[in-house]
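Consider the single chain below, provided in structure tokens and representing the form predicted on its own.
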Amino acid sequence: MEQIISVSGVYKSYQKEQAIKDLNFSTKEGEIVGLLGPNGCGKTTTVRLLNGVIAAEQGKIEVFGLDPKEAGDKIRLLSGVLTESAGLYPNLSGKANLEFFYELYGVEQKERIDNLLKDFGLWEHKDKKVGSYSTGMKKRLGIAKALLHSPRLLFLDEPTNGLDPEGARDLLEYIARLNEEKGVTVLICTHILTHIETLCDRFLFMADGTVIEEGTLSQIEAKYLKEFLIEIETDITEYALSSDLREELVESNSNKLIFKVKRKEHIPDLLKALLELGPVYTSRILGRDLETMYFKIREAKK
């Protein structure tokens, strides 16, 4: 699989303040990678470096095998970028904005403008000035602009900010579909972890201008989750449990029992023992979500 982005030993400062320091990561073709971290950790600066908008002071960056410092224009023709500002013109209509970028990118299929406006629910508003758009409408037009020239790589900086839950869901579903059908590589920067937990193939965790951890959710879980809490929906009461099961029990209420086990491999044995005592309706592992993993990583790296 072709490597699309490669970042090695990169540093960038603003007025003597270090924004990026010893940044290292890579992405492969067709991946959706989440670049995660709090506001101010360097996510937006990273996107700007990758697009050649600003230059690193030290280190090596390649996007499609090109140096953004020397070939920024070519990289931007192969990439789509959605930033928080979206780079739209407020005094032009939604359609006129896309027509402007259509000419700029040299897109050959003009019907793509109409298709994107329809895809993102903006067809009825296409002739209104963008300055009158809601935050969510501007965000949707921004991603339509980013997709106008059918890019091979998408940089999405806080794409769900300003969107209502339904709008955020629709946008992320569109990104997933675009990745699956067109093989578009996506780097998505966000601090809202619940939105992208099931979207991304892999995650990069940033703090203070550098990547402090990376991997799939399973890899992160295996490294940082040292014990497992299992919530069981059942009619079995605490008093029906054997002494061994009571030792693993941490909480009991009217229809749920929560057990703690040291290894994931012990969960089937726990369920088997419970099924011998009565019905088990549901079971789920608690505390293995992306947000929990994020805070475990932050704590471990202090």
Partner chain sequence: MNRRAIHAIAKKDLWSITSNVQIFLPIIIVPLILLVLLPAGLLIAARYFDLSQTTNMEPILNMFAQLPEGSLKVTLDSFGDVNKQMIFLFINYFFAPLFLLVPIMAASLVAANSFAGEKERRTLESLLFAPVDIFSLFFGKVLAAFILAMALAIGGFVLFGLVVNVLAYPLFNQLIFPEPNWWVLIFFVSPALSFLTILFNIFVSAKVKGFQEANQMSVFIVLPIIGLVLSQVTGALFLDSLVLWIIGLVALLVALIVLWRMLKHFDRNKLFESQIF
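What you see is a predicted model, and the numbers here were worked out from it, not measured in a lab. Residue numbers count along the first chain shown, from 1.
Quick note: we don't show the form predicted in complex with its partner chain, though the next part is all about it.
- Note on the partner interface in the predicted complex: the residue among Ala168, Leu153, Leu122, Leu88 having a heavy atom within 4.5 angstroms of its partner chain is Leu88.
- The single contact residue among Ala144, Leu204, Cys200, Val81, judged by any heavy atom lying within 4.5 Å of its partner chain in the predicted complex, is Val81.
- For the chain shown alone, Leu92 is a contact residue for its partner chain in the predicted complex, at least one non-hydrogen atom being within 4.5 angstroms.
- A residue is said to contact a partner when one of its heavy atoms sits within 4.5 Å of a partner heavy atom; Gly183 fails this definition for its partner chain in the predicted complex, lying far away.
- Contact check for Asp73: a heavy atom falls within 4.5 Å of its partner chain in the predicted complex.
- Contact annotation: Ile192 falls outside 4.5 Å of its partner chain in the predicted complex, judged by heavy atom distances.
- Contact annotation: its partner chain lies within 4.5 Å of heavy atoms from the stretch 103-111 in the predicted complex, the single such stretch among 160-168, 211-219, 224-232, 103-111.
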